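Encoded as structure tokens, the following chain is the form predicted alone, with no partner shown.
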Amino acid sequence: MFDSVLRDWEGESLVIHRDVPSGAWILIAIHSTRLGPAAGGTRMKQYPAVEDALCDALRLSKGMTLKFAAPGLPYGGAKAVIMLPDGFEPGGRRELLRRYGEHVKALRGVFYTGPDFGTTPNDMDVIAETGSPYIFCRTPEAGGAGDPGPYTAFGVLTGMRAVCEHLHGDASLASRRVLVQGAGDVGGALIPLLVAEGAQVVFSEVDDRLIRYFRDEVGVEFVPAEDALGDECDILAPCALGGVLDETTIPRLRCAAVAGSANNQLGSREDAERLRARGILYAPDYIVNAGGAMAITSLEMRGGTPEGARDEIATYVRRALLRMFEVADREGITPDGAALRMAEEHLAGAVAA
């Protein structure tokens, strides 16, 4: 049943395991180890079918390869998905994570993982009980760097500044209307950064708890999720799940630029050209959202400091995006195409070496 899904995937290996005690599926997609051991987050959620979970893992694993390859970090790309069954009992979470950790450890350093949608640093502590030393982003109390979300948000903020610098000759976000689609781990950390910059911030969300907090307590303007993509704004920041930009949604957009943290924002590579045709500047997601990955490798693998990690993120994201935009304008291609070229050059160099 996986043949059609796997046929167009150019990755290296795939682990598929049925966790009998819980009924969950564990999928670990290793897309590339050309630059180093493959790394990527562990996503934990329900899906309509196993094929959907597999598609998510494969697509996200390639995105991780690009995320590490573009800045030349010494990691390949991978992604793990734990597909929870209907009626999953929360009381079984801990033992499921411990069993998952055994699978990570069995790969003997081919795969390193950290939190993603549906998992947290506390979950990484549990996974590390059986999966150590291949687990990133454990809690500080357990010796890890904690949540990478704030570093990812900082990178997104830097990306938005680069967008403004390219479009307006001024990196300031003051008075720019920015719509943050999704106020979770990264979007929720991004909102106060934008407020501090003087941006006119609006957000959309489906979680009632987050809506009440940011709308009623923080005082940020709320836009219903169904209206978010049609909101007139300077920058649209997709910060929830991917695949939001496609042939049906792009015609609805009323923004000047897109710069957000969500992985795989484009439904297909052709959607980058659709954005360009509409005159909407697209900041490639795996450039904009690289801050978390860069920070964690700096903090946990090189013994860096938070200040040093933020400096690295700010320098890389700004320079990379301005270069993408310049190449795209000069050669009549999309910024996504320019970013892919940069990542592929690093990957080709690793193969040659």
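Quick caveat: nothing in here was measured; it's all calculated off a predicted structure. Residue indices: 1-based, along the sequence shown. If you superpose the two forms and keep the largest set of C-alpha atoms that fall within 1.5 Å, you have the rigid core.
Below, we turn to the form predicted together with a small molecule, even though it does not appear here.
Peer 1: Would you mind picking the one in Asp207, Glu247, Asp216, Asp170 that has a heavy atom within 4.5 Å of the small molecule in the predicted complex?
Peer 2: When the small molecule is considered in the predicted complex, the option within 4.5 Å is Asp207.
Peer 1: Out of Val195, Ile280, Ala142, Ala225, which one falls within 4.5 Å of the small molecule in the predicted complex, going by heavy atoms?
Peer 2: None of the other options qualify; the answer is Ala225.
Peer 1: Mark Thr65 yes when one of its heavy atoms lies within 4.5 Å of a heavy atom of the small molecule in the predicted complex, and no otherwise.
Peer 2: Thr65 lies outside the contact set for the small molecule.
Peer 1: Using the partner position in the predicted complex, report whether Gly101 sits within 4.5 Å of the small molecule, counting heavy atoms only.
Peer 2: No, Gly101 sits far enough from the small molecule in the predicted complex that none of its heavy atoms falls within 4.5 Å.
Peer 1: Is Ala237 near the small molecule? Define near as a heavy atom within 4.5 Å, in the predicted complex.
Peer 2: No, Ala237 stays farther than 4.5 Å from the small molecule in the predicted complex.
Peer 1: Considering only heavy atoms, tell me if Ser61 and the small molecule come within 4.5 Å of each other in the predicted complex.
Peer 2: The answer is no: Ser61 has no heavy atom within 4.5 Å of the small molecule.
Peer 1: In the predicted complex, which of 146 to 154, 249 to 257, 160 to 168, 270 to 278 comes within 4.5 Å of the small molecule (heavy atoms)?
Peer 2: Going by heavy atoms within 4.5 Å, the stretch is 146 to 154.
Peer 1: At 4.5 angstroms, heavy atoms only, are Glu12, Ser32 and Val110 all close to the small molecule in the predicted complex?
Peer 2: No, because Glu12, Ser32 and Val110 lack any heavy atom that approaches the small molecule to within 4.5 Å in the predicted complex.
Peer 1: Superpose on the rigid core, then tell me if the C-alpha of Arg323 is displaced by 2 angstroms or more between the shown form and the other one.
Peer 2: No; Arg323 is a residue whose C-alpha shifts by less than 2 Å between the shown form and the other one when the cores are overlaid.
Peer 1: Under a superposition restricted to the rigid core, does Arg310 display a Cα displacement of 2 angstroms or more between the shown form and the other one?
Peer 2: The answer is no; the displacement is under 2 Å.
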